[in-house]
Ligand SMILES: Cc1ncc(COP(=O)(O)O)c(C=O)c1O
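Only one chain is shown below, in structure tokens, and it's the form predicted alone.
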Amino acid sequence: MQFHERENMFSKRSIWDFKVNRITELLKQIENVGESIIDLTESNPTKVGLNYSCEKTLKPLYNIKNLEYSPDPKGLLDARESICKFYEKNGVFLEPENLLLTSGSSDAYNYIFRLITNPGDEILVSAPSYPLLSYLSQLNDINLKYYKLIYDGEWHIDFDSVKKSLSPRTKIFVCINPNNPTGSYIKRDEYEQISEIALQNNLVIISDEVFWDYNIISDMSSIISFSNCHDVPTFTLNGISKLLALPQMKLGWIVINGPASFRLSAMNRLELISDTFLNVNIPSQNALSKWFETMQNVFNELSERIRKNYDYLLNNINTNIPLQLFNVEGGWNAILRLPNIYKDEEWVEIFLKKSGVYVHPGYFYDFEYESCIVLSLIINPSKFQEGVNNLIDQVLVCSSK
């Protein structure tokens, strides 16, 4: 009997547009003819020439404990204790029993969505934001509602848009802290308003803090991490993908905060969810305490690189150039607003064809502003500077026509 694919064989949650977009097509064409491209979108720290040490990175994996498989749904106690010690050095005091390890932030979101939402429920997400949450929400049969971030020299939450997006089906308020790609942290006064909204509407908060430690601003006094907040039911996400620049080792965590009764009920359920999948590998858990010690040099190098690249933008984009650099407080990205003579996608195509530089268009991140592009700040500085100079030259050429 021959197989015949039914029209409704696949679930509605996997109905996506697989058509290749124009920018991807253009990239392939350029690559096929062998032309070089300066890629200013790279977000994978293992591909940007950092000084990883095989001994410091891989030696912690050489451990006799890795030959034994005895998983803990929360994650191995030694690993959770090492996370608590890391936070303690930064003035945040956590208990290992309030931590649950995951294979990364996508896994963490998935667990929490399964824990909190039912099909058809809604979550509040900022715009701009990164596309991951759109896919995760669709896979969990829930709907995204957006609240706006507005810019007046720095980014702020537009709480009027929050209130307009709330409905009886809203279950979760998501904060990307600092936001990706705007690089804006949640301020203390914003946290108080978020907490009030959450309590009034029986919401839980997710604070995604994977970029937290990559701060560019020096004064962090008005900034708040949700990992240290206990009044509202909260899940704080982090992991070694960004913190230790080890995305390939697949280890993240959820900090569960809030009233004691919530923490207990949430953890009991999360343990069962985690026990169903057991996604976190044992070697990474056993190596974690050593990695916190040995990967500090890579973190320092990456932090210095981000600041150096951002400073280059600050020093080279001025009133003589028709470009606007949005202020960045932390994270790995910078945003440029270009003249409105072209849309952002058109600008990206021009840069690829004329300058050999690849950047992301703002619409990838649901920017409300037109003609925005997003650059990665973790690129090798010499390559970053060359790419930025090419962009500036091309903008000046286009603006003079």
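Residue indices: 1-based, along the sequence shown. Worth saying up front: this structure is predicted, and the values here are computed from it rather than measured.
Here the subject shifts to the form predicted in complex with this ligand, a form of this protein not shown in this document.
Checking Phe211, Trp155, Phe226, Tyr147 for any heavy atom within 4.5 Å of this ligand in the predicted bound form turns up a single hit: Phe211. Interface residue among Pro96, Pro73, Gly104, Pro322, judged by heavy atoms within 4.5 Å of this ligand in the predicted bound form: Gly104. With the partner omitted here, the stretch from 257 to 265, 283 to 291, 240 to 248, 118 to 126 that lies within 4.5 Å of this ligand by heavy atoms in the predicted bound form is 240 to 248.
Under a 4.5 angstroms non-hydrogen atom cutoff, this ligand in the predicted bound form lacks Ile206 among its neighbouring residues. Contact between Ser274 and this ligand in the predicted bound form is not found at the 4.5 Å heavy atom cutoff.
Remark: Tyr130 counts among the residues lining this ligand in the predicted bound form, judged by a heavy atom distance of 4.5 Å or less. Of the heavy atoms in Thr234, none are within 4.5 Å of this ligand in the predicted bound form.
Residue Ile176 is the only member of 158 to 179 with a non-hydrogen atom no more than 4.5 angstroms from this ligand in the predicted bound form.
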